[in-house]
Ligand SMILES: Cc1cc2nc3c(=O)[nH]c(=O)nc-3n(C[C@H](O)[C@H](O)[C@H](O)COP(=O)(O)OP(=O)(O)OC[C@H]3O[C@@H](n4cnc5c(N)ncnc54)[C@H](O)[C@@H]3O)c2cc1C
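Next up: just one chain, as structure tokens, the form predicted on its own.
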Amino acid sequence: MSTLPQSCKAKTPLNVLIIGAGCAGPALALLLQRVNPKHTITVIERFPSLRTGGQQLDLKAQGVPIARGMGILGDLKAACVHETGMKLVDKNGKSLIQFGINDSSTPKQGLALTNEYEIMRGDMVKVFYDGSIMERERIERGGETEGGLTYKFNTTVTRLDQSDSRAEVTFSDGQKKHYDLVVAADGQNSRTRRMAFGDETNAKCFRSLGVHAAYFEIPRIESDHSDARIFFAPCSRMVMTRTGNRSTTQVYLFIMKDKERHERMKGVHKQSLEKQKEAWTEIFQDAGWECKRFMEGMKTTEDFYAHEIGQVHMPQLHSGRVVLLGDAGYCPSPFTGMGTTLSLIGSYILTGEIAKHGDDVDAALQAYHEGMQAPLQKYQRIAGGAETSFYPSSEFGIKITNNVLWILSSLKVDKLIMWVGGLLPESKDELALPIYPEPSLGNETRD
């Protein structure tokens, strides 16, 4: 894959507003500076500072060479969680089957297994943020005085108006400013998407998978080993823990497809954190394994987060001078494990098309939309189904399946098990990203 062009820079520097300082926003800010240091880039974030919490993310497939071209792959590698693989366990914690670590060059579909680049969300955000700041410092050391990069925290957009060639943005402090391009990188529940595309389109774009999830951290104990562990409980419940080499253990709770509970949980997500925790405790208290310990830890955890899992499918990725990036435009859901990688692919293609099309921003945005269709078709696909329908829901069915898995694992036919369950990664990644001429970004890698 080629990196981005140096000589096809936009003829006129752009005044760009990026909404959201998660992974996608700072990544785009870094890349835009690479192709034209004269761009003026402002990144706003509604929280008072970078959000350092969150669960484990992974980077793979095209995300790895893109990060290498950005010069941050070494920093991402240094921030990795050292997770030794994954085990499927029964209600007594007995290991049924064990899987190793996937090579970063191979995208995986289905349940999230361990990958070469496993990074806590807060650590990954900081790497992207620091990379964008360091890029600006490098540019200014080289004598460039035009353009700039500014981060503004505790700031939101309250109004968005567009003309043919620019967008007028009203901020939460009352200020109004004009931009050549507004990038919505504010996540699955993007407020910017709703303002730019309207309530009807915004409501239709979210496709529920009928699954609900809760995430939180609890103190690590001696029995929390460095591998990830997955436990299937009766009544379509799933529990996963991840500890790696960290001092805390991440707990993931999943309620799979169940019509009655699905409708109930949609209402629960709107309640207070205390009420949400009570509902999740009621459902998982008797699930087995170490769930009683997990429920006790959930009472005092400060990073509890629960939501309905789904995907974002937009008919168009831009409206006027507003463009969607990352989860705001194409959230693939945690079941694909491709959210971060798709964000980097989107940043790469959007930057490349802006550089390629010069002053024709509208053509660049349409080319970005078209260029993202192949990655979206490939990486939003969920192998095996999000409901993990290959696993039974009844206690008796789970017991029989667990026994079969243990026997097959003893016979060293774990790859057959994964194939049956739809968990094996694809054998070859045939997705080719657009190649932009005269590569330049790979010249200053630090990895």
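Residue indices: 1-based, along the sequence shown. Computed from a predicted structure; not experimentally measured.
Another form exists, predicted in complex with the ligand; not displayed. Remarks below refer to it.
Stretch-level contact check against the ligand in the predicted complex with heavy atoms at 4.5 Å: of 332-340, 70-78, 350-358, 138-146, the positive one is 332-340. With the partner omitted here, the residue from L88, L365, I345, L325 that has a non-hydrogen atom within 4.5 angstroms of the ligand in the predicted complex is L325. Contact annotation: of the candidates T155, Q276, T301, T241, the single residue with a non-hydrogen atom within 4.5 angstroms of the ligand in the predicted complex is T155. Among residues of the shown chain, H369 is not one whose heavy atoms approach the ligand to within 4.5 Å in the predicted complex. Not displayed here, the ligand is kept clear of G320 by more than 4.5 Å at the level of heavy atoms in the predicted complex. Contact check for T42: no non-hydrogen atom falls within 4.5 Å of the ligand in the predicted complex.
Under a 4.5 angstroms non-hydrogen atom cutoff, the ligand in the predicted complex has R46 among its neighbouring residues. Along 173-205, these residues reach a heavy atom to within 4.5 Å of the ligand in the predicted complex: A185, D186, G187, R191.
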